Structures are given as structure tokens and as C-alpha cells.
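What follows is a single chain, given as C-alpha cells, in the form predicted alone.
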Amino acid sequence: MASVESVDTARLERILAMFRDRGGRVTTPRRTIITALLEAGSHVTADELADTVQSAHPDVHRSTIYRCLGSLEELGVVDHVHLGHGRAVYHLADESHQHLVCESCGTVVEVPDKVFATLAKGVHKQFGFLVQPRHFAVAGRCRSCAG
């Protein structure tokens, strides 16, 4: 794992402040997990994240990492999403987005939340149901595979 100096320290501090504002206590494992997610720059599985954290901090147990991910998610710092049939992946929730995944090649496209806003409003209006599209990716075919 790279040093904290190599990550966006301003973003790290914003995320930690958000975490504190929501009642979270910043511990070494939590700071390390958030730093590892920043360094990853994309979506990672819990196992990939645990490997990264443990390579830099072998004293942080895997069970601690999994529990921390759960508490970070409860406080809205981390989101997890299912990008198909594989394991869930995690990413920081401060830059909110939705996911499209290609059924053919596996390409993941991040799209702004507003892409699904009209759909969510329509579903709520017609069925009284509040859609939470973040949890699952929308499957289809990317431009390369569809063409």
C-alpha cells in the first residue's frame, strides 16, 4: 500500500470529517481502509481490500476489516454494489454514481446518479416504491459489444 502522502489527502480528510459528523470514530483500521479505497481508485472486493490493508498493516485482522466495512457502509462512507454474478465490490460514497456492466466483456461504466433519476421518480409515482439503484448494476452491452 502506498503512503498516505500519495493519496488525495484533502479528499481523505473530507471523508474522515464526514465520518466523524455522522457519529463514527476514526480508528487506525478505518483510516487504513479508507486510504486503501482511495488508492484503489476503483471498485474492489472485500478480499482485495483486506489483502491490501494486511500487506501494509499485518496486525489488522481480516474480521476487523470486514466489520469496519460494515460500519463504514452503515454511516454512508462506503457503498457496495453487485456488478453481476461475482462478489460485491466496494467504493467510497463521497462521489456518488451508478453502474452499468456489459454482459459480454464485463466493462463497468460509472454514470451520474441523475441518469436514473427520471426512472426512480416514475417508479415512485406509479407504484409508490422508492428505488435504490446503487446496490445493483444495470446489465446490458457496452458500445463495443453492441456494435
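All residue numbers refer to positions in the sequence shown, first residue = 1. Worth saying up front: this structure is predicted, and the values here are computed from it rather than measured.
Keep in mind that the form predicted in complex with a further copy of the same chain is missing from the display, and what follows is about it.
Asks: Wondering, does Q132 line up within 4.5 Å of a further copy of the same chain in the model of the complex on heavy atoms?
Replies: Looking in the model of the complex, residue contacts with a further copy of the same chain include Q132, since a heavy atom lies within 4.5 Å.
Asks: Taking a further copy of the same chain as it sits in the model of the complex, is S63 near enough to touch it, meaning that at least one heavy atom pair lies within 4.5 angstroms?
Replies: Looking in the model of the complex, residue contacts with a further copy of the same chain do not include S63, since no heavy atom lies within 4.5 Å.
Asks: Is T9 a contact residue for a further copy of the same chain in the model of the complex, using a 4.5 Å heavy atom cut-off?
Replies: It does not: once a further copy of the same chain is placed as it appears in the model of the complex, T9 has no heavy atom within 4.5 Å of it.
Asks: Looking at the partner-bound form in the model of the complex, is P58 within 4.5 Å of a further copy of the same chain by any heavy atom?
Replies: Contact with a further copy of the same chain, no.
Asks: Identify, from the list V81, C102, C68, L38, the residue with a heavy atom within 4.5 Å of a further copy of the same chain in the model of the complex.
Replies: None of the others qualify; the residue that does is C102.
Asks: Of the residues V44, V115, V26, L92, which one places a heavy atom within 4.5 Å of a further copy of the same chain in the model of the complex?
Replies: Exactly one residue meets the criterion: V115.
Asks: Check each residue of 108-130 against a further copy of the same chain in the model of the complex and list those with a heavy atom within 4.5 Å, in sequence order.
Replies: Those in contact are V109, E110, V111, P112, V115, F116, T118, L119, V123, Q126, F127, G128, F129, L130.
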